[in-house]
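Shown here is one chain on its own, the form predicted on its own, set out as structure tokens.
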């Protein structure tokens, strides 16, 4: 587990996914992708790490992923085959807010 603070960059141990923390409550959390904990940008992937098929829904570049309360927001800077979760709860793609109509 690591303290999730804005600007923190992480990469997947099992696929090409990379994310950056955009918004966070400043608490610790376990960020996983493809079923394994995400690594710091300078860390090496463990030998023999494989993608868990139960966590292989994929991540899309440029999309913002949020938890259920939208207190934590991650920006996917590089897409991959693994899906992103925090503390065991899968993150969902943040939906765009509707703009007010103009007359």
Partner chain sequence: MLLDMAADACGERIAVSCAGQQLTYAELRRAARAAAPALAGGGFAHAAFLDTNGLAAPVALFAAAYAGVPYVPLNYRLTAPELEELLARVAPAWLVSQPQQLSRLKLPAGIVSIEAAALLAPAREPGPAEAPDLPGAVAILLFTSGTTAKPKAAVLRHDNVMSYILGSVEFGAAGEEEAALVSVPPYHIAGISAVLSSTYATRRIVMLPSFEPGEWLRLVAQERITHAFLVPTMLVRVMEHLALHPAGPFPALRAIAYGGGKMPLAVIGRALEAFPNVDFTNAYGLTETSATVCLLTPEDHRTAAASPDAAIRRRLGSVGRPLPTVELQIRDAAGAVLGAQEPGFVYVRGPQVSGEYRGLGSLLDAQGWFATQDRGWVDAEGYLFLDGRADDVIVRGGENISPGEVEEALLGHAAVADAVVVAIPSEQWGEAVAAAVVLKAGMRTDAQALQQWVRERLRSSRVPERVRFVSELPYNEMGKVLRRVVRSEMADEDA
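Numbering follows the first chain given and starts at 1. This is a predicted model, so every value here is computed, not measured.
Only in words, not in the display: the form predicted in complex with the partner chain, which the text now covers.
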item	value
Contact of residue 86 with the partner chain in the predicted bound form (heavy atom, 4.5 Å)	no
Heavy atom of residue 55 within 4.5 Å of the partner chain in the predicted bound form	no
is_contact(residue 22, the partner chain) in the predicted bound form, heavy atom dist at most 4.5 Å	yes
Heavy atom of residue 75 within 4.5 Å of the partner chain in the predicted bound form	yes
Residues of stretch 29-64 in contact with the partner chain in the predicted bound form (4.5 Å, non-hydrogen atom)	61, 62, 64
